[in-house]
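Before any questions on how it binds or moves, here is one chain, the form predicted alone, in structure tokens.
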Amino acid sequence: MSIRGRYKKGVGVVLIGIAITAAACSSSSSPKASSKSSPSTSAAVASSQSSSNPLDSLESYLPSSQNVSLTETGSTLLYPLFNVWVPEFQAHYPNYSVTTNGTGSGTGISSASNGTVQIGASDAYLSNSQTSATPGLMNIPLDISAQMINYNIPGLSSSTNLKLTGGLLAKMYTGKITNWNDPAIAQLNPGVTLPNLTIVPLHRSDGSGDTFLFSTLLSDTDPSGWGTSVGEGTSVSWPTVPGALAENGNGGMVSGCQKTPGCIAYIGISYQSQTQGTLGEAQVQNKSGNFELPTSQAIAAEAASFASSTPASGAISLIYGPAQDGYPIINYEYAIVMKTQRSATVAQAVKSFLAWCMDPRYGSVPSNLAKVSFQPLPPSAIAVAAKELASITG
């Protein structure tokens, strides 16, 4: 049964005309705790009225000298980027202690909701039922990621990027296409010698934002089939397919596919360095009918087609968008936080850390994002995220 009603595409469009200047984007330095470089509250307010960067209004939330601890858990796709952010942030602010863990988006959402952690990480935005069940739970966009479609076909050149469609993937995951030399796959890939090899679908065993992204693609491209029989979510009732395997986390998907000839898998792009040379990577058909790899250009093109449509809640699907040259499986990576934290100190800490992470002058400089093949938020999405951050209290 489809659960499209739970995960509505973004509505209630918020258009905020703020652009990030080239100078702000080109800076790769972070403010030092000892330099006292953060402006005063009054200066920050004045800056926010005239500055091109909406995060300037949050500069007053940058850390003070008070010791504070934060805990984050969730998305294994976002986890490698947190492992880039945290050491750099703590090098500038040693009085901050930030603990991270990759447990899956489902755990990230539930842990933030029940107060076990201050920051949950998720590839999936919150469903209507989740926000209704936990008033004050917010999803705050941080950056943009993508999802790869990988496969293990022995003998196929690593330079060959098979062309696949969402419809074909739906048939693989429902057992309607069972061999790699199926005529439907061969027709899309003329000149490629495909073996008589059984397809082994891999899916996540944990509650996963990656599953949300992948199942959304299948629902969008096969609405009368997958969309009505399975639907989309961080967990779905996977069709029974002989030989199908369940793996935990993106790391499990990588290792599971590497050791399973014939596998097909969906894997977060932050694990691309682990798949290159060992797994094939598919060109996926977009809504315009073109086949694209998850290059930085294709991800940015797809993101640009949604930039002005990000609603005030930050919750929007970026899957299967209209960009002619866009890669069809991209998404905002979210911090899941409660609007009311247990103290003013913790609220300030959450604001300052997340503002630093998403800021293209600090945590989201190109050199950091390139390590996990992520892209920065567009200016309009940063403006939405900055407003959400500003609403956090303690």
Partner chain sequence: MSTHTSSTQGLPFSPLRGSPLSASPKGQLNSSKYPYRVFLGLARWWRAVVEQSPQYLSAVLGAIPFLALVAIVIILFHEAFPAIKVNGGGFVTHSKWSVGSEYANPIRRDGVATPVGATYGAWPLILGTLEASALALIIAVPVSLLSALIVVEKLSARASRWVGVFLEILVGIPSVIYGLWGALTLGPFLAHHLAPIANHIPNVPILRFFRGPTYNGEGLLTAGVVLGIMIIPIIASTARDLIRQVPASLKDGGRAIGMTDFEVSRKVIWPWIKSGIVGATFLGLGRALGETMAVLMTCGAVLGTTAHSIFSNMNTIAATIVSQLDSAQTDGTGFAVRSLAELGCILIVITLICNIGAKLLLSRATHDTTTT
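Residue numbers count along the first chain shown, from 1. Owing to the predicted nature of the structure, the values given are computational and were not obtained by experimental measurement.
Omitted here: the form predicted in complex with its partner chain. The next part is about that form.
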| item | value |
| --- | --- |
| Touches its partner chain in the model of the complex: T178 (any heavy atom, 4.5 Å) | no |
| Close approach of A186 to its partner chain in the model of the complex, 4.5 Å, heavy atom | no |
| Contact label in the model of the complex: T107 to its partner chain, heavy atom within 4.5 Å | yes |
| 4.5 Å heavy atom contact, G136 to its partner chain in the model of the complex | no |
| Heavy atom distance at most 4.5 Å to its partner chain in the model of the complex, all of H203, P242 and A246 | yes |
| The unique member of T260, S313, S296, S305 whose heavy atoms fall within 4.5 Å of its partner chain in the model of the complex | T260 |
| Sole residue of T193, S129, S158, S288 within 4.5 Å of its partner chain in the model of the complex, by heavy atom | S129 |
| Candidate stretches 147 to 155, 305 to 313, 246 to 254, 168 to 176 - the one whose heavy atoms come within 4.5 Å of its partner chain in the model of the complex | 246 to 254 |
| In the model of the complex: members of 283 to 309 within 4.5 Å of its partner chain, any heavy atom | none |
